[in-house]
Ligand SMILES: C[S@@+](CC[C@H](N)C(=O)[O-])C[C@H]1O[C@@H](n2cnc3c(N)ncnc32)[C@H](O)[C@@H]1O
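Only one chain is shown below, in structure tokens, and it's the form predicted on its own.
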């Protein structure tokens, strides 16, 4: 197996691949700010959200996914069909069902999501971040609980005390970004998935395959930008080195790469834009020249 994503499932069970993501929890505003106008972009397809957003900005996008079912779903989204709930949304839905037990009623969450002043959001977050919530996050994000859903490669890179780390990431986002205009906050807290508009003037080419393998065979210097999602989460150092070498080969002069991870940065990372990503889940949103990617 090239990467654990090839399995098309989060768990280690045998069986057919699945649609893992009904939408992408990645703030495309990061890519919009980082990429030069009308770039040729290499993109991980996932649920199609990033490809659609970049095509709307007149970028030409090659969107790849190793999971054939996920790629077919992205094609449906690009064609204008509504979002469905993938495995990730169903897992979050189960966790969300316990929200009233920690005082997170839908009425209270809707009031929180209507705020547009980060200072007011911080104040209300302090009221929401109760000892019951801390205990619930500790249990839900424990290794024991996560093993019921995720295979071991998807757990090995996660930080310890993940519940506390995730609460800190939420707090960081609420202190910086207005809830009212943040669709990612609404998707995460209420499970409401907004449909993306149809692609604009840019093109989207969908490809089934592995990212490194595709880039190894692509013409040299043929892409101006790369958005790689978190495909290295769960992979080993050999695949990381292979992917980065393939990106550098396929990168045009001045190309930019965006790479996300649920992991925490090992130290100071000046290129980390996780604080700017309104999706709030990421420990690393690395934005740097593609030529500087190194294993």
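Note that the structure is a prediction, hence the values are computed from the model and not measured. Numbering follows the first chain given and starts at 1.
Note that the form predicted in complex with this ligand isn't included here; everything after this is about it.
Among heavy atoms of residue 231, some come within 4.5 Å of this ligand in the predicted complex. Under a 4.5 angstroms non-hydrogen atom cutoff, this ligand in the predicted complex lacks residue 255 among its neighbouring residues. Within 4.5 Å of some heavy atom of this ligand in the predicted complex lies at least one heavy atom of residue 209. Taking non-hydrogen atoms only, residue 239 approaches this ligand to within 4.5 angstroms in the predicted complex. Contact annotation: this ligand lies within 4.5 Å of heavy atoms from the stretch 64 to 72 in the predicted complex, the single such stretch among 246 to 254, 64 to 72, 263 to 271, 30 to 38. Scanning 12 to 46 for heavy atoms within 4.5 Å of this ligand in the predicted complex gives 21, 23, 24, 25, 26, 44, 46 in sequence order.
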